[in-house]
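Okay, so here's just one chain, in structure tokens, the form predicted on its own.
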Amino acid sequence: MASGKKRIAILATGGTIAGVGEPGKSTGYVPGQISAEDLVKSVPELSEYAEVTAEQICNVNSDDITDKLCIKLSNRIRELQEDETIDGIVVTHGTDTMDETAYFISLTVKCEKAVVLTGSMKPATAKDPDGPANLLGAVRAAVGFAIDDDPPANLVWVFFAGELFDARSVQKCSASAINAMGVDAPGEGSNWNALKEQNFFDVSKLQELPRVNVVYFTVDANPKVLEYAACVSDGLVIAGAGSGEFSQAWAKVLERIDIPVVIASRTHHGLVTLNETLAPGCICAGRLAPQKAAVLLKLALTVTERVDDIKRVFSL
């Protein structure tokens, strides 16, 4: 390019980073109010590092992200991966479900160019909002990958509060802290080679995904909740206690469920080891948090309903 700068496409989906509220306050705001163009204009320092373009994919609270919007975003990123005039991609997104969207993209787009998601914990109208610094950091990260001679292949990242996380391990770990994003297994580094070989699913021709719901186990949880969830789902994830445990009452209901069921842990940390006595024929989530296990199960169900095949998908 004439300027010599890398060209970064910014795709905006809404969230707190585009939120507006009473000036100076960090609460009581409405997410997804500022346009992609205005977000870019609010951070003039971006031009020092890259030539950026801004595009609005949607403008919603991340709790209102849907499978259809994830497919739309994935398809647009796939198109930009093939665009020779684009060197990297940044996605602005609400923090609540950012980990799910990042993981979805990593499973559905073969990325040779960096994809970096970011957002904020404070709205744009707050005193000292964190969004501008996060957006600048995400663009700088994307530029850095673009000039790296040997960047990690097919990885999607989250940049937040000065740190960079890979899509498989990232998770929102605090409801209020400025550095709310972390990893689901503290102290355990990502296996880059394994991530490069992870599953890939083509959603370019899909309009929707199979319905997967997460059912959360607690002391004396009514097993009818599990039974009902199975009636409105193509697959289930159980967020069990400890290493994916639940009551005998739930186990009895599980015996009558004939859709794929993944067992995860509500602790979010550590390795799930499937209790074959309690949950025979179920699928082990391994280290995946329940919400990410749901993402992978949805995508697996687009190609197979065979439990043995899905087990192999989860084993990678």
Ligand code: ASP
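Keep in mind the model is a prediction, meaning the values are calculated, not measured. Residue numbers here begin at 1 and follow the sequence given.
Below, we turn to the form predicted in complex with the named molecule, even though it does not appear here.
Trainee: Only one of 227, 166, 96, 234 has a non-hydrogen atom within 4.5 angstroms of the named molecule in the predicted complex; which is it?
Mentor: Contact check passes for 96.
Trainee: Just to confirm, with a 4.5 Å cut-off on non-hydrogen atoms, which of 77, 209, 114, 121 contacts the named molecule in the predicted complex?
Mentor: That would be 121.
Trainee: May I ask you to state whether residue 63 is within 4.5 Å of the named molecule in the predicted complex, using heavy atom distances?
Mentor: Although the named molecule is absent here, residue 63 would touch it in the predicted complex, with heavy atoms inside 4.5 Å.
Trainee: Using 4.5 Å between non-hydrogen atoms, is residue 31 touching the named molecule in the predicted complex?
Mentor: Contact with the named molecule, yes.
Trainee: Within 4.5 angstroms, counting heavy atoms, which one of the listed stretches 280-288, 45-53, 23-31, 259-267 is next to the named molecule in the predicted complex?
Mentor: Answer to the contact question: 23-31.
Trainee: Using a 4.5 Å heavy atom cutoff, which residues in 159-175 contact the named molecule in the predicted complex? It's fine if the answer is none.
Mentor: Contacts from 159-175: just 172.
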